[in-house]
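This document starts with one chain, in the form predicted on its own, laid out as structure tokens.
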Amino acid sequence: MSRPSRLPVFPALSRLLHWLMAVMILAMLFIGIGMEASLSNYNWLLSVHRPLGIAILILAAGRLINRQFNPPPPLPSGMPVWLRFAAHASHIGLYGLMFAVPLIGWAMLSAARYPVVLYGGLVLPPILPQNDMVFAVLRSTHTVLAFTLFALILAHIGAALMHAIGFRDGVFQSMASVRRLRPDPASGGQ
């Protein structure tokens, strides 16, 4: 693969949302695993899991809107077609799961008549009527999709490292760079 001199970076807001959500989603996945493994901390972890999931849902919507106004930079021109396809498909999968996992979690809690407490007395309304069968199906679906999201994130991290260490094609730096957050000395501080 050819090595471009310097790819454009993602806009600052896009990078901020990406890294903020990366931390939040990883925290959420480990909190979810902790809820299953630790009964003594279950209620505390649950009190963090629910509002964090809703925050991820809101940020995913914000990120999708931001993407319309700040499209990502183009992939390197020498990137093979199959890698371009894999990159686009994985991003569609990630966005889909960033919406699906919290929405299904909210629906699952609604079906069980469990409140989704965001903070204090701030409670989200149910989005489904109470139904034990639906709750059971959604609980399994929520778990499977959360693990699918985790697997996709691991693949995403692997691809990012492949671009950073293997290809050195600027793709990783376009999201990880702090360029444009600080004045560029080459441009005389502008």
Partner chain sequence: MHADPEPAERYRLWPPRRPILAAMATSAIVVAGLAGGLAYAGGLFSPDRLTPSGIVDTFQNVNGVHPGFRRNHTKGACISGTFESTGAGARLSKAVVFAPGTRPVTGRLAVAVGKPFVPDNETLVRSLALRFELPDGEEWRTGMNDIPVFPVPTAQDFNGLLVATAADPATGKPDPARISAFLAAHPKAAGALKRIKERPFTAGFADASYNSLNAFRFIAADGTITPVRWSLVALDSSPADPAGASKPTDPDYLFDDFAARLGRGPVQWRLVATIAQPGDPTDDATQPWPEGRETVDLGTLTVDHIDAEASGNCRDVNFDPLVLPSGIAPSDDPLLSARSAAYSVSFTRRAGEAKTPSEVQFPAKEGNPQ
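Residue numbers count along the first chain shown, from 1. As the structure is a computational prediction, the values presented were derived from the model and not from experiment.
The same protein also has a form predicted in complex with its partner chain, omitted here; what follows describes it.
Trainee: If the cut-off is 4.5 angstroms on heavy atoms, which of these, Met133, Ala61, Val144, Ile127, is the one near its partner chain in the model of the complex?
Mentor: Exactly one listed residue reaches within 4.5 Å, namely Met133.
Trainee: Answer with yes or no whether Arg139 is in contact with its partner chain in the model of the complex, where contact means some heavy atom within 4.5 Å.
Mentor: Taking the distances in the model of the complex, the answer for Arg139 is yes, it comes within 4.5 Å of its partner chain.
Trainee: Check Trp82 for me: does it contact its partner chain in the model of the complex (non-hydrogen atoms, 4.5 angstroms)?
Mentor: Judged by the heavy-atom cut-off of 4.5 Å, Trp82 is in contact with its partner chain in the model of the complex.
Trainee: Is Phe69 near its partner chain? Define near as a heavy atom within 4.5 Å, in the model of the complex.
Mentor: Contact with its partner chain, no.
Trainee: Is there a heavy atom of Ile33 lying 4.5 Å or less from a heavy atom of its partner chain in the model of the complex?
Mentor: Contact check for Ile33: yes, within 4.5 Å of its partner chain in the model of the complex.
Trainee: Any residue of 41 to 71 with a heavy atom within 4.5 Å of its partner chain in the model of the complex counts; write them all down in order.
Mentor: Asn41, Tyr42, Asn43 sit within 4.5 Å of the partner.
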